[in-house]
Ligand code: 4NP
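In the form predicted alone, a lone chain appears below as C-alpha coordinates.
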(Lines give C-alpha, C1' and ligand atoms only; values in the text may rest on other atoms or scores of the structure.)
Protein backbone atom coordinates (compact mmCIF):
# COMPACT_ATOMS: atom_id res chain seq x y z
CA UNK A 1 0.00 0.00 0.00
CA UNK A 2 1.34 3.41 -1.00
CA UNK A 3 -0.42 6.39 0.55
CA UNK A 4 0.06 10.11 -0.10
CA UNK A 5 -1.52 12.76 2.13
CA UNK A 6 -1.90 16.24 0.63
CA UNK A 7 -2.57 19.66 2.16
CA UNK A 8 -1.79 23.21 1.06
CA UNK A 9 1.84 23.90 2.03
CA UNK A 10 2.93 20.52 3.42
CA UNK A 11 4.05 21.91 6.77
CA UNK A 12 1.01 21.57 9.07
CA UNK A 13 -1.72 18.97 8.44
CA UNK A 14 -0.17 16.50 5.99
CA UNK A 15 3.17 16.18 7.87
CA UNK A 16 1.28 15.39 11.07
CA UNK A 17 -0.77 12.79 9.21
CA UNK A 18 2.33 11.33 7.54
CA UNK A 19 4.08 11.03 10.90
CA UNK A 20 1.11 9.57 12.76
CA UNK A 21 0.24 7.08 10.01
CA UNK A 22 3.89 5.99 9.60
CA UNK A 23 4.09 5.44 13.34
CA UNK A 24 0.94 3.32 13.39
CA UNK A 25 1.95 1.39 10.25
CA UNK A 26 5.30 0.52 11.83
CA UNK A 27 3.63 -0.57 15.08
CA UNK A 28 1.23 -2.76 13.09
CA UNK A 29 4.11 -4.38 11.16
CA UNK A 30 2.76 -3.26 7.79
CA UNK A 31 5.01 -2.66 4.78
CA UNK A 32 3.27 0.50 3.60
CA UNK A 33 4.84 3.60 2.09
CA UNK A 34 3.50 6.84 3.57
CA UNK A 35 4.36 10.28 2.19
CA UNK A 36 2.92 13.79 2.11
CA UNK A 37 2.92 16.80 -0.21
CA UNK A 38 1.39 20.23 -0.67
CA UNK A 39 -0.52 21.70 -3.59
CA UNK A 40 1.49 24.94 -3.31
CA UNK A 41 5.25 25.48 -3.29
CA UNK A 42 5.31 28.07 -0.48
CA UNK A 43 7.41 25.91 1.84
CA UNK A 44 9.24 23.44 -0.43
CA UNK A 45 12.37 22.20 1.30
CA UNK A 46 11.27 23.34 4.77
CA UNK A 47 10.62 21.11 7.80
CA UNK A 48 7.13 20.89 9.30
CA UNK A 49 5.77 23.88 11.26
CA UNK A 50 7.20 24.03 14.79
CA UNK A 51 3.75 23.45 16.34
CA UNK A 52 3.24 20.41 14.09
CA UNK A 53 6.56 19.05 15.32
CA UNK A 54 5.74 19.91 18.94
CA UNK A 55 2.34 18.19 18.99
CA UNK A 56 3.79 15.08 17.36
CA UNK A 57 6.77 15.02 19.72
CA UNK A 58 4.37 15.27 22.69
CA UNK A 59 2.78 12.06 21.36
CA UNK A 60 6.07 10.20 20.85
CA UNK A 61 6.43 10.88 17.10
CA UNK A 62 9.39 12.69 15.53
CA UNK A 63 8.56 14.45 12.24
CA UNK A 64 11.55 16.81 12.28
CA UNK A 65 13.21 14.97 9.37
CA UNK A 66 10.34 15.57 6.97
CA UNK A 67 10.79 18.05 4.14
CA UNK A 68 7.96 19.87 2.35
CA UNK A 69 7.43 19.09 -1.31
CA UNK A 70 4.90 19.97 -3.98
CA UNK A 71 2.30 17.54 -5.30
CA UNK A 72 2.87 16.66 -8.97
CA UNK A 73 0.87 14.86 -11.65
CA UNK A 74 3.35 11.97 -11.50
CA UNK A 75 2.16 11.25 -7.93
CA UNK A 76 -0.90 9.59 -9.46
CA UNK A 77 1.41 6.87 -10.82
CA UNK A 78 3.26 6.39 -7.52
CA UNK A 79 0.44 6.06 -4.97
CA UNK A 80 -2.56 3.77 -4.44
CA UNK A 81 -4.50 6.24 -2.28
CA UNK A 82 -4.19 10.02 -2.25
CA UNK A 83 -5.85 11.74 0.69
CA UNK A 84 -6.94 15.37 0.34
CA UNK A 85 -7.10 17.35 3.58
CA UNK A 86 -9.89 19.57 2.25
CA UNK A 87 -12.18 20.49 -0.62
CA UNK A 88 -9.78 23.14 -1.92
CA UNK A 89 -6.97 20.58 -1.87
CA UNK A 90 -9.13 18.00 -3.69
CA UNK A 91 -9.81 20.52 -6.47
CA UNK A 92 -6.13 21.51 -6.73
CA UNK A 93 -5.07 17.84 -6.94
CA UNK A 94 -7.44 17.47 -9.88
CA UNK A 95 -6.18 20.69 -11.51
CA UNK A 96 -2.50 19.81 -11.05
CA UNK A 97 -3.11 16.29 -12.35
CA UNK A 98 -4.76 17.57 -15.50
CA UNK A 99 -4.99 14.76 -18.06
CA UNK A 100 -2.99 12.43 -15.77
CA UNK A 101 -5.41 12.82 -12.85
CA UNK A 102 -6.83 9.51 -11.66
CA UNK A 103 -9.43 10.90 -9.29
CA UNK A 104 -10.63 7.42 -8.32
CA UNK A 105 -7.43 7.29 -6.20
CA UNK A 106 -8.29 10.54 -4.40
CA UNK A 107 -10.58 10.87 -1.40
CA UNK A 108 -11.04 13.18 1.53
CA UNK A 109 -8.88 12.12 4.49
CA UNK A 110 -11.72 12.48 6.99
CA UNK A 111 -14.02 10.28 4.88
CA UNK A 112 -12.19 7.34 6.48
CA UNK A 113 -13.46 8.24 9.97
CA UNK A 114 -16.59 10.14 8.86
CA UNK A 115 -17.74 8.31 5.69
CA UNK A 116 -19.29 10.47 3.00
CA UNK A 117 -18.80 13.72 4.91
CA UNK A 118 -16.21 15.21 2.54
CA UNK A 119 -15.16 17.21 5.61
CA UNK A 120 -11.94 19.19 5.72
CA UNK A 121 -9.24 18.89 8.34
CA UNK A 122 -9.04 22.47 9.68
CA UNK A 123 -5.85 24.30 8.68
CA UNK A 124 -4.19 25.36 11.96
CA UNK A 125 -1.67 27.65 10.18
CA UNK A 126 -3.33 30.92 11.27
CA UNK A 127 -4.12 29.88 14.83
CA UNK A 128 -2.60 29.07 18.16
CA UNK A 129 -0.88 25.89 19.30
CA UNK A 130 -4.20 24.50 20.58
CA UNK A 131 -5.43 24.28 16.98
CA UNK A 132 -2.59 21.90 16.17
CA UNK A 133 -3.60 19.72 19.13
CA UNK A 134 -7.17 19.51 17.82
CA UNK A 135 -5.93 18.68 14.31
CA UNK A 136 -3.67 16.00 15.78
CA UNK A 137 -6.66 14.37 17.52
CA UNK A 138 -8.70 14.29 14.27
CA UNK A 139 -5.73 12.86 12.36
CA UNK A 140 -4.94 10.27 15.03
CA UNK A 141 -8.53 8.99 15.05
CA UNK A 142 -8.61 8.80 11.25
CA UNK A 143 -5.25 7.01 11.08
CA UNK A 144 -6.60 4.39 13.49
CA UNK A 145 -9.52 3.87 11.11
CA UNK A 146 -7.17 3.56 8.10
CA UNK A 147 -5.05 0.93 9.86
CA UNK A 148 -8.16 -1.00 10.89
CA UNK A 149 -9.72 -0.80 7.43
CA UNK A 150 -6.72 -1.59 5.22
CA UNK A 151 -4.30 -3.30 7.57
CA UNK A 152 -5.96 -6.71 7.53
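Remember, predicted model here, so these are calculated numbers, not experimental data. Numbering follows the first chain given and starts at 1.
The same protein also has a form predicted in complex with 4-nitrophenyl phosphate (4NP), omitted here; what follows describes it.
Asks: If you check in the predicted complex, is residue 92 within 4.5 Å of 4-nitrophenyl phosphate (4NP), heavy atoms only?
Replies: Judged by the heavy-atom cut-off of 4.5 Å, residue 92 is well away from 4-nitrophenyl phosphate (4NP) in the predicted complex.
Asks: With a cut-off of 4.5 Å between heavy atoms, is residue 5 one of the residues that contacts 4-nitrophenyl phosphate (4NP) in the predicted complex?
Replies: Looking in the predicted complex, residue contacts with 4-nitrophenyl phosphate (4NP) do not include residue 5, since no heavy atom lies within 4.5 Å.
Asks: Is there a non-hydrogen atom of residue 12 within 4.5 angstroms of a non-hydrogen atom of 4-nitrophenyl phosphate (4NP) in the predicted complex?
Replies: Yes, residue 12 lies within 4.5 Å of 4-nitrophenyl phosphate (4NP) in the predicted complex.
Asks: Within 4.5 Å, heavy atoms only, one stretch in 123-131, 100-108, 57-65, 28-36 touches 4-nitrophenyl phosphate (4NP) in the predicted complex. Which?
Replies: Looking at the other structure, the answer is 123-131.
Asks: Could you run down 21-43 and flag each residue that has a heavy atom within 4.5 Å of 4-nitrophenyl phosphate (4NP) in the predicted complex?
Replies: Residues within 4.5 Å: 42, 43.
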